[in-house]
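Below sits a lone chain in structure tokens, taken as the form predicted alone.
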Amino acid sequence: MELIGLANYAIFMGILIGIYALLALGLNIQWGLTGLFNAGIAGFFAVGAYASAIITSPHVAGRVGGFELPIVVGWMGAIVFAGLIAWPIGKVCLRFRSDYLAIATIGVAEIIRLVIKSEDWLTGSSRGITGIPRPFGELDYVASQLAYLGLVIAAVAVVYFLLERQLKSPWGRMMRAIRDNEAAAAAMGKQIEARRLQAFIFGAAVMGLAGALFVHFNRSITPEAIDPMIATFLIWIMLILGGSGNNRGAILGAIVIWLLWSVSEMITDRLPTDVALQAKYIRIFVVGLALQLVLRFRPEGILPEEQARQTAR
């Protein structure tokens, strides 16, 4: 029985790793490829989650939505709505640079969070949205979990394949040129603002897809589920540790950090209650220590960008 429990937990972990790998890939488009410091990842994650929930959930009196459309339509809606929200935000915020852009995107994410918590007619406020359908939900628990894991892996594989093609295309080379030397790219006639906005929208759309996968996995969503600590700052650590500018590094970072985060939680949960509450901060320490070690001995990440690797040689 204990073995079955461990297997179920491993599947559960695999699903969450895949979802957070999508968030890391979305951030890699914005930061790794284009140099855009987006500190509001949780906001786009939430938009995708709630958009898919509203589109696919059953009708509830006093709340918009309840369209009960197919799950695939919900996922497409999550991608589209996250991209649509990113467009005006990008038009305004991308005028800023580095830390100013980070502050602006944090503010935007906080506005989205407050709207989610307060607008009962749209998001159900603190009660959230329940009754969200789940693919393969009619199967037995283990079979359902395995099938959903396969679905998440397929989504990560498709996004990875498309991003790799874009990375190696003229568009990808142009984005790296803008990131590395904006003045030179502008002198060559490149439309800097338009290209940055494209990357910001594409990255947000991938984050929206991650939110949709998350909400259908949980079958419900509340404001507390969108934790900036996990859905923003942990994603940054995943990308930095794995290797910014490298899609494989983003996925590897998600695997390493989420394993550290979850295994340390399992260990602290076995401690006495009064000690366990304080020991949970060890998780933050362990993740921070891992990041410091990587920055000290391999600042470009575990799997650095191909260009950085070639330069180092």
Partner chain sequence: MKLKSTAALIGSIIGASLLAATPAHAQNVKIGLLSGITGPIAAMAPPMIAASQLAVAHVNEQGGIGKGGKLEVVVGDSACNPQNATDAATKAVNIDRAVGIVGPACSGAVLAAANSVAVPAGALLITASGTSPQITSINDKDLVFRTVPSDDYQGRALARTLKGRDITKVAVAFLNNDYGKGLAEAFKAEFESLGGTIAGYSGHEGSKASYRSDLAELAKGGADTLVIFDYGDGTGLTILRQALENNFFKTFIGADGMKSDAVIRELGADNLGTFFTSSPVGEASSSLESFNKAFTAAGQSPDAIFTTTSYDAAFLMALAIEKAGGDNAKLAESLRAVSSAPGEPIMAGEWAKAKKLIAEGKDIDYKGAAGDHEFDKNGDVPGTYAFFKVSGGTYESLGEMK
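Positions refer to the first chain, counted from 1. Computed from a prediction, not measured in an experiment: that's the story for all the values here. Here, rigid core means the biggest group of C-alpha atoms that superpose within 1.5 Å across both forms.
FYI, the form predicted in complex with its partner chain isn't displayed, but the following is about it.
Residue contact with its partner chain in the predicted bound form: residue 258 places a heavy atom within 4.5 Å of it.
With a 4.5 Å cutoff on heavy atoms, residue 195 does not count as touching its partner chain in the predicted bound form; it lies far away. Heavy atoms of residue 225 reach within 4.5 Å of its partner chain in the predicted bound form, making it an interface residue.
For the chain shown alone, residue 281 is a contact residue for its partner chain in the predicted bound form, at least one non-hydrogen atom being within 4.5 angstroms. Proximity to its partner chain in the predicted bound form holds for all of 12, 117 and 218, with the criterion being a heavy atom within 4.5 Å. This chain is displayed without its partner chain, yet in the predicted bound form the stretch 263 to 271 from 50 to 58, 64 to 72, 30 to 38, 263 to 271 comes within 4.5 Å of it by heavy atoms. Among 161, 141, 100, 87, the residue placing a heavy atom within 4.5 Å of its partner chain in the predicted bound form is 141. A heavy atom within 4.5 Å of its partner chain in the predicted bound form is found for one listed residue only; from 76, 151, 230, 106, this is 230.
Once the rigid core is used as the reference frame, the Cα position of residue 267 differs between the shown form and the other one by 2 Å or more.
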